[in-house]
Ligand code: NAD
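This document opens with one chain alone, in structure tokens, the form predicted alone.
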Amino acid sequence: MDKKTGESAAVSAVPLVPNVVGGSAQPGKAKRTLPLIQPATGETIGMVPMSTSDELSEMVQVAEAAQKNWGLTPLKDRVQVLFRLKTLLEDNTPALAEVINKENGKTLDEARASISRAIECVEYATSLPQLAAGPVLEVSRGVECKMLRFPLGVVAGITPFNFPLMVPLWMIPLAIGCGNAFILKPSEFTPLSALELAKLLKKAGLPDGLFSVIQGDKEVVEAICDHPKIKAVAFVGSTRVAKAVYTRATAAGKRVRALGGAKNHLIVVPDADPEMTATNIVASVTGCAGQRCMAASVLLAVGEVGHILDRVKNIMQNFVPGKDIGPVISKAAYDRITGYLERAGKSGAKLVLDGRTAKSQVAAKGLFLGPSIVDNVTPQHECAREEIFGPVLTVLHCKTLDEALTIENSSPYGNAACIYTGSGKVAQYFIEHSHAGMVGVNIGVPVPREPFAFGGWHDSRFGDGDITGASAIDFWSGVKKVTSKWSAEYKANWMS
């Protein structure tokens, strides 16, 4: 056997990741595939089909047929599926965490935490009969106005690699609870969690055809944006793609809610608690290997806070890749992150900590980086302006809180901003003057918990409203306002 034949045989032995159509896994028909690489080992664990627009159309047809009966099912009956899904997620958390660890590289603790957050979103959606109940008002004697909600039909979600189970469950429970059929396009880097979710929804009693999974890349994303039978699209990913999805899908007449990237700022003032602040900053920077839109990216050090920065460095420099921090998702991501570090060093910035030098036997084969700290940069430096999406903290020094706020507010993004302080007055000033949709006080990852909704401002979000919470119920449903009069008698009521 020659080398070429041997390579072909090895590839053919790797399983093809399926789509899910009509409640069952089906092999994709696409000729084009991408290898699915396990980030921690570099091993090819599957081949992901790059599905076509024709496959999407077939899927939409199946979903549309299934949705007709589902949309007529009473809401209280629909949410029973979500109650059962919540229990199944709880019971299967260890196995699901293993899948996330395998395809994404998250540590098992991080994977379990993301599942817990996903379960909260399912739990919130089980309350739809109360949350979605429309008001009724007698606007005149014998005349009544009320609001009724109706499903949109077939809807879709396009989700990122960094939270392959949690982000889909920001969307799916409310969408199917509102009576829609849902098509999920997961990241081509993390397609396996979506398949596990399909199994659990089926086991929870969701009728076949109401949840579909289509694997693919840009081609199928564009097909989702263009398809006339898909009525709404939710997206989470980079700002560049979020803006493209929003522009294309709204041009096709769809509802769109697209969340993009971030450049989150943490402000540290001298009265901050040193130990709590340092520990919290490190967790924000390094959690999920920095691959989350809520990660700390820029630290704005106000005044004399060098003792806190020293604590941050001391904690970070003891991190062991493969034990304390997981790998990044791909070789391209690794090269992008290390490229920022290389250019920072050449530009005169101070690499207080260089994650490229962190090594361990566990991480020898994978795409691992240790935490990095880049200091001595200006607000215009690329490390201070651009989303690196890795375990890199850029430090800028400021004389006043107002100077720090000016830097924070000059960012085109507006996802999250945080302050570390012991002063309620300082915290309130920061809350009122920072330009971000999610704000933390002594919390470096200020993710709102249900019923408070997730969503940023500016270039971190395209479309009105948030992706979870009450405004998401409005997004996934259509509203009718009904005015009725049943009797000509002045004092009549419905019992007369």
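The first residue of the sequence shown is number 1, and the count goes up from there. Note that the structure is predicted; figures quoted are calculated from it, not measured.
Heads up, the form predicted together with ligand NAD isn't pictured, but that's what we're talking about next.
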Open item on the list: Just to confirm, with a 4.5 Å cut-off on non-hydrogen atoms, which of 99, 256, 152, 221 contacts ligand NAD in the predicted bound form?
Closed with: 221
Task: Listed residue (371, 216, 164, 177) with a non-hydrogen atom within 4.5 angstroms of ligand NAD in the predicted bound form - done: 216
Open item on the list: Taking 4.5 angstroms as the heavy atom distance cut-off, pick the stretch from 316-324, 372-380, 153-161, 196-204 that is near ligand NAD in the predicted bound form.
Closed with: 153-161
Task: Check all three, 60, 211 and 229, heavy atom within 4.5 Å of ligand NAD in the predicted bound form - done: no
- [ ] Tell me, yes or no, whether residue 236 is in contact with ligand NAD in the predicted bound form, where a contact means a heavy atom of each within 4.5 Å.
- [x] yes
Open item on the list: Would you classify residue 460 as touching ligand NAD in the predicted bound form, given a 4.5 Å non-hydrogen atom cut-off?
Closed with: yes
TODO: Find out whether any non-hydrogen atom of residue 366 is located within 4.5 angstroms of ligand NAD in the predicted bound form, and reply yes or no.
DONE: no
Task: in the predicted bound form, residue 355 touching ligand NAD (heavy atom, 4.5 Å) - done: no
Task: Any residue of 325-346 that, in the predicted bound form, places a heavy atom within 4.5 Å of ligand NAD - done: none
